[in-house]
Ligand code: GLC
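The chain below stands alone and is given as structure tokens, in the form predicted on its own.
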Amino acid sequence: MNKMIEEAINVLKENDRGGYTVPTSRLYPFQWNWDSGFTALGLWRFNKWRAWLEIISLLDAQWENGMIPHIVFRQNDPDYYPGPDIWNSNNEPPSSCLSQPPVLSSVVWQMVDKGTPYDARKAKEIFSRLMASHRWFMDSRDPVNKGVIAAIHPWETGRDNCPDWDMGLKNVEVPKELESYARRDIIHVDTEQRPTKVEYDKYMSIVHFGKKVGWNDNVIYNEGPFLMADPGIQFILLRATKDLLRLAHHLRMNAALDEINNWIEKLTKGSAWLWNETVGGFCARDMRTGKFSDGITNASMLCFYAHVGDNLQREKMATHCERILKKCKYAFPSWDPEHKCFNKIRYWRGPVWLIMNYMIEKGLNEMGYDKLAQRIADDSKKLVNTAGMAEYFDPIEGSPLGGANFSWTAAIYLEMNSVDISKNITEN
């Protein structure tokens, strides 16, 4: 077996906490939403039973309203802030009170489509949970029925400090009564690779508002300090809903087909609102003001993953992709390297993330941009082969950044290398 494949499997095993997987030790000591989704994809490559347990344990924390929270606190750990006492979710298990990009239905469909009757049986058991999650996004993050999904916090996008959110964060006032706090992330990772204190103060201010209104989705949508449309969430949800439709057909869940098709139609129409004619690409947009972000990001490139845009728009996005790839040794940076806000080492302001590469590469392949897709796949493997299972990578130097021995990096490496050493005992 390839040495790096062995290392990837070992990383997932070492981060296993008995039913759920942490992203990495110390820095992220709990279960994260989309981390678990991608991790399950990697686990499935060598242990199907454990992969399904990862998904089921995440759904164990699903709220009654259908929301799957972005963090599940299975124990209190002083090494992380903000912990369960700050969120005050009043749920069991305790959790955060917002969500993350909904990759789960796409992950489940991948496992079923490539799998066996065992996988189909497991998917059928959780199908109603997946429906509830999508229904929550459509009802709570698009109550005006526009087909545009709102993010109520940068953390909900998964791209925490991306320059996309700078304009939205400008409107966030830090209240005098905001409790003092001590960040723990900068103990484990160089401050130059993490969000700034100013950004973190704003993040905690949004949490403060959410707590004050009892995490009422309606109030937060209409009155909250931050409300932005994210190409990442929009395109990931649209793709996941299309995959949910495929899953429904496969499982013969005919009663769900009309509702899912209606969601797809709305999200497809709503995606057009994110087209920035000035930039010639899909960009984030402030839902309060209508103002666009002016940057092309790795989330912008997920238009291919969602199969969004007309032919001209796709060609313009492919041209952006080619231009950006020429500026980087390693694909795909989280922010346009020709933009003034580009920072090659600071979290989501420039570095490469393998989970995003996986979705971009998949979309480009499906839409016929084979050469671009191959470049991204090759770079992803090179980064891991030379720099290990890092959380993210410098797109210019290729150096490892953030946390080490990272679960979703290991998982995507296994998926991209089409590793298939799954245990057959689960199929009997």
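The numbering used is simple: start at 1 and walk along the sequence shown. Predicted model, so just to flag it, every value in this text is computed and none were measured.
Not pictured, yet referred to below: the form predicted in complex with ligand GLC.
Engineer: Exactly one stretch in 129-137, 210-218, 153-161, 84-92 has heavy atoms within 4.5 Å of ligand GLC in the predicted bound form; which is it?
Structural biologist: Contact criterion met by 153-161 only.
Engineer: Would residue 52 count as a contact of ligand GLC in the predicted bound form, using a 4.5 angstroms cut-off between non-hydrogen atoms?
Structural biologist: Result no; residue 52 lies far from ligand GLC in the predicted bound form.
Engineer: Counting only non-hydrogen atoms and a 4.5 angstroms cut-off, does residue 408 reach ligand GLC in the predicted bound form?
Structural biologist: Residue 408: yes, in contact with ligand GLC in the predicted bound form.
Engineer: Taking any heavy atom pair closer than or equal to 4.5 Å as contact, tell me whether residue 394 reaches ligand GLC in the predicted bound form.
Structural biologist: Contact check for residue 394: no, nothing within 4.5 Å of ligand GLC in the predicted bound form.
Engineer: Even though ligand GLC is not shown here, does residue 271 get within 4.5 Å of it in the predicted bound form, heavy atoms only?
Structural biologist: Looking in the predicted bound form, residue contacts with ligand GLC do not include residue 271, since no heavy atom lies within 4.5 Å.
Engineer: Of these, 109, 358, 348, 305, which has a heavy atom no more than 4.5 Å from ligand GLC in the predicted bound form?
Structural biologist: Going through each option in turn, the one that passes is 348.
Engineer: Given a 4.5 Å distance limit between heavy atoms, list every residue of 21-36 close to ligand GLC in the predicted bound form, or none if there are none.
Structural biologist: In sequence order, 23, 28, 32, 34, 35 come within 4.5 Å of the partner.
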